[in-house]
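First, one chain by itself: the form predicted on its own, in structure tokens.
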């Protein structure tokens, strides 16, 4: 029977302690996260990998897609394998970071293993042998940090760097409403371990290529404003990417740009891939709940940052989603702080 934090009786051992026991009892680990990994996925995986290495474990990290280019200089990123299928592995356990189900990893061959499922999003399907789900965490990196502490592993510079990367990116540079005192306490400890916040911010946010700058210009030039200027709509397809010499990895973080305008309270970003899938990313501020919109389409995330993937046709998807986001903006206006 699978075990999860929400299913654990009050008298039972906490799931985080069971995960520690499972880690101590095993030697070979395979770590993965969701396809198109973001900063939290990359940071959580690598922080966990360095912690396991400190325990003398064998570690392999496999992702379906490469990390965004501006993360490539972070320690350990070059050791992440890129594959759509795991055929042969002698791993004693699979650790999956912030993925609502195994399918979202984009990797085949992960089923049937002893699986540790660590996530902080709503909608997780509890697919693991052990499931640790904490929606109060601002980033999956917060849960990795707690696990590192429970395991008694010193907070090395490598672990601290990746925990900070996870939190910095998944809070939208400390903009989102999922931040708690725990978030800042963890960041304080990573800084004490040697992390330089200013240098980290520059590496993450000030390392754009010229192609990405052209992409930003193209997206903003075609941006639509709806709901009396409160909703910004961005659209992307392969033609735009080819014209700017960029890839989908270059789109990370761009959805947040319109939110810097005072009037804009939500952003919908439609990305149409060569496979025909429509990837919809949603961001908001104040009390505009975009997670509720994403959940209606099989996606998830946080109140101010969510997304999902659906099939077309694009026009019908856009119409439905934008109507729902406009409604969310209207509801958020009722409780917006002055």
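Predicted model, so just to flag it, every value in this text is computed and none were measured. Positions refer to the first chain, counted from 1.
Same protein, other form: the form predicted together with a small molecule, not shown, and the subject of what follows.
**Student:** Is the gap between residue 308 and the small molecule in the predicted complex 4.5 Å or less for some heavy atom pair?
**Tutor:** Heavy-atom contact with the small molecule at 4.5 Å: present for residue 308.
**Student:** Is residue 230 close enough to touch the small molecule in the predicted complex, meaning at least one heavy atom pair within 4.5 Å?
**Tutor:** Judged by the heavy-atom cut-off of 4.5 Å, residue 230 is well away from the small molecule in the predicted complex.
**Student:** How about residue 214: is it within 4.5 Å of the small molecule in the predicted complex, going by heavy atoms?
**Tutor:** So residue 214 does not count as contacting the small molecule.
**Student:** Taking any heavy atom pair closer than or equal to 4.5 Å as contact, tell me whether residue 38 reaches the small molecule in the predicted complex.
**Tutor:** Close contact exists here: in the predicted complex, residue 38 approaches the small molecule to within 4.5 Å, heavy atoms only.
**Student:** By the heavy atom within 4.5 Å rule, which residue out of 70, 285, 57, 279 makes contact with the small molecule in the predicted complex?
**Tutor:** Contact check passes for 279.
**Student:** Using a 4.5 Å heavy atom cut-off, which of 62-70, 43-51, 25-33, 300-308 contacts the small molecule in the predicted complex?
**Tutor:** Of the options given, it is 300-308.
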